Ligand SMILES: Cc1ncc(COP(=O)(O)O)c(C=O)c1O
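A lone chain, given as structure tokens: the form predicted alone.
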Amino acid sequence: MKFPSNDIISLLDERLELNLAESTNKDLLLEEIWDESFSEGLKKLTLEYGTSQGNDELRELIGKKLQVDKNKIIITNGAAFGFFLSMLCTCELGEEVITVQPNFPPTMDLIEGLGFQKKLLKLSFENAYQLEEEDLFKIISEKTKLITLVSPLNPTGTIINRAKIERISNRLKIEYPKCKLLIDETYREATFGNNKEITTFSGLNNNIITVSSLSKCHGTPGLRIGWLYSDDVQLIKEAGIAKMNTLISNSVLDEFVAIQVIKKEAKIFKTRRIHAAKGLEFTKKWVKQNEKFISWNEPKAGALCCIKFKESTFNSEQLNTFYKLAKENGIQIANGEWFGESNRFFRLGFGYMKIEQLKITLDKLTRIITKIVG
């Protein structure tokens, strides 16, 4: 099988100075978690193989975060590998996986890449990207073995009501008992300022799988540490076997650093949530300033949002000019086409850059928009 091509790969391979396309909180520096115990532990670390399920202490810490049994957790190479294992271990060739659109491209493309049938549930800007339960159940069939939802959603920052997830899960148990429900919680802890952290769906029902990682909320995408949780003992066993046969194990060095990150996450979250709240306020002002040309649905969590150019003031030629001028001005933009929208939309990350740099970048975008519309 072949994976579809998507220009989101440019985020890895072509990094412009003013990066509005990135969706993580600001990158963590090792010095933020470095202390004497970290240094001593690093010196004595044996660079051996890890285990198929993942470091025991790391799983214990994650289990405490989620309030679940560590034995029902597998450490993965980012949340993306959690998706990979979940699809591989729940579906056979010819069976269906449902996910929403817009969405993180690898989540959608992985389905076909593994040879499964993909069904997309389109969420709309006009409905604030809210999931409609009945629309979902209209496209489920007996061949559907996995449904993947995202809360908060990348690229919009919108969330799914907990009661709605519980209703969907309960209906699946009755109507489609062989179908699992996977919730991507990658941005769950990326709240703003003093806003309350979103409660995990882990442990809510035994047909629910959750995946998450340290990449976005903690600002450590380079660690490639994530996790998969399931109450299904057989699924965890099969996922461990699949991991052994593809990845072998996670890097013990990455797992060691991940343990230190989680132990110090209260401090890490505090600074990044304050930073994201400031970024959100600047973004609000920018949207208001340009409301003649753009609109949005304000995000509930995740340091990212989705911006739409209004049809009444921006035609297709002007949209192409916008992306061209942004790149010429050193601004990296996440085109909506990457996520299954049109290029009338783009993802704006407001938690990655320094606040002064964000302000400069948004001011540049205002000048570009003004220049385009005359």
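When you see a residue number, it is the position in the sequence shown, counting from 1. Computed from a predicted model, the values in this text were never measured in an experiment.
Just so you know, the form predicted together with the ligand exists too; it's not on screen, but the next bit is about it.
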item: Among 123 to 131, 148 to 156, 290 to 298, 262 to 270, the region lying within 4.5 Å of the ligand in the predicted bound form by heavy atom distance; value: 148 to 156
item: Any non-hydrogen atom of Tyr229 within 4.5 angstroms of the ligand in the predicted bound form; value: no
item: Exercise: Ser215 in contact with the ligand in the predicted bound form, heavy atom 4.5 Å; value: yes
item: The ligand contact in the predicted bound form: Gly78, any heavy atom under 4.5 Å; value: yes
item: Touches the ligand in the predicted bound form: Thr361 (any heavy atom, 4.5 Å); value: no
item: Contacting member of Lys72, Lys143, Lys119, Arg224, with respect to the ligand in the predicted bound form [4.5 Å, heavy atom]; value: Arg224
item: In the predicted bound form, the one of Thr210, Thr186, Thr99, Asn250 near the ligand [non-hydrogen atom within 4.5 angstroms]; value: Thr186
